[in-house]
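In structure tokens, one chain follows: the form predicted on its own.
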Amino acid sequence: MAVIGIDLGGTKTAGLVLDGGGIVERCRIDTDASSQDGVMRGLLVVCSRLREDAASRGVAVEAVGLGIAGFVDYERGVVTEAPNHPLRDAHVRDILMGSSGLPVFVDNDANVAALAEARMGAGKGLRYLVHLTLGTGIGGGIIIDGQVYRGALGAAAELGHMIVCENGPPCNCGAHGCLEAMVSGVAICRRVEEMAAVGQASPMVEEFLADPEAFSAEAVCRHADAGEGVARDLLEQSGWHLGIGIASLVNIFNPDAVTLSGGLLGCLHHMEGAMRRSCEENAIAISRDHVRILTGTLGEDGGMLGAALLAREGLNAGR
């Protein structure tokens, strides 16, 4: 069975065709986030190109899966709200079905990333898994007894918005001290900005002041790699709060594994020690001693593969 999996991001729309032998085709374009119509046109282009390229190889696509950052009503295939592009109450499934004539399945991008890690990645074969995507923001997905947990309205697993620091810095969700506000790439850069505002001197702060718009968490990691103490301290503090969040998830879900993916994995070697110590101190022993904290193995393909698996499993369930 050949299926299309598409990962719709704020800057790129990337897809692949997956069949029994592996990945057959790939396609990637920039996301036109200027309007809902622009986003949808890009989706239709990627889907059409992948299907045509697969057909040229004699491969017939049977279904389409889509992962998207935002709140998704899985049963209706509707994106109710998305933070990085202008989709609001968008009937994505119906539009893609109308264009392609194929069954279409739509879910949150972190949900499909969790599905991919549970089926093909670091958590392969595990029945209970929690997945965290660590990047500009923080997302999450939960696998319970082998199935994606979506909640009553499809809004479950917003793991980046659990509170890990009471009265901490504000989060874009409106709360304070969320995991995302303490650990994400945006949070790390905000703390460098705060250092600059109070006149703290260091090569890292100097780089930030030279070009704040270009500064990133990767720059903090580079300074930490060079031995800069304030950069190492900053990443260790982020790792500590990440460990608090993981401990809470371990205590609540008693998973077999917590898997991690995303751009911040490049900083993990500076965060991991504090993360594991924090988890060790704050997780309940019975669950702590069972769980494994694993780095995801699928890289940038995780979202696309998860979307393809969503389509495959959805199609099989309907047969």
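This structure is a prediction, so every number in the text was calculated from the model and none was measured. So that there is no doubt, residue numbering starts at 1 and follows the sequence shown.
The following text describes the form predicted in complex with a further copy of the same chain, which does not appear among the structures shown.
- Just one listed stretch, out of 97 to 105, 190 to 198, 214 to 222, 154 to 162, contacts a further copy of the same chain in the model of the complex at the 4.5 Å heavy atom level, and that stretch is 154 to 162.
- Listed residues 244, 122, 90, 234 were compared with a further copy of the same chain in the model of the complex; 244 is the one with a heavy atom within 4.5 Å.
- Of the candidates 32, 62, 256, 53, 256 is the one whose heavy atoms come within 4.5 Å of a further copy of the same chain in the model of the complex; the others do not.
- Looking at a further copy of the same chain in the model of the complex, residues 11, 21 and 300 place no heavy atom within 4.5 Å of it.
- Among heavy atoms of residue 48, none comes within 4.5 Å of a further copy of the same chain in the model of the complex.
- Under a 4.5 angstroms non-hydrogen atom cutoff, a further copy of the same chain in the model of the complex has residue 174 among its neighbouring residues.
- Contact check for residue 142: a non-hydrogen atom falls within 4.5 Å of a further copy of the same chain in the model of the complex.
- Contact annotation for residue 73: at least one heavy atom lies within 4.5 Å of a further copy of the same chain in the model of the complex.
- Annotation for 273 to 298: interface residues with a further copy of the same chain in the model of the complex are 281, 282, 284, 286, 287, 290 [heavy atom within 4.5 Å].
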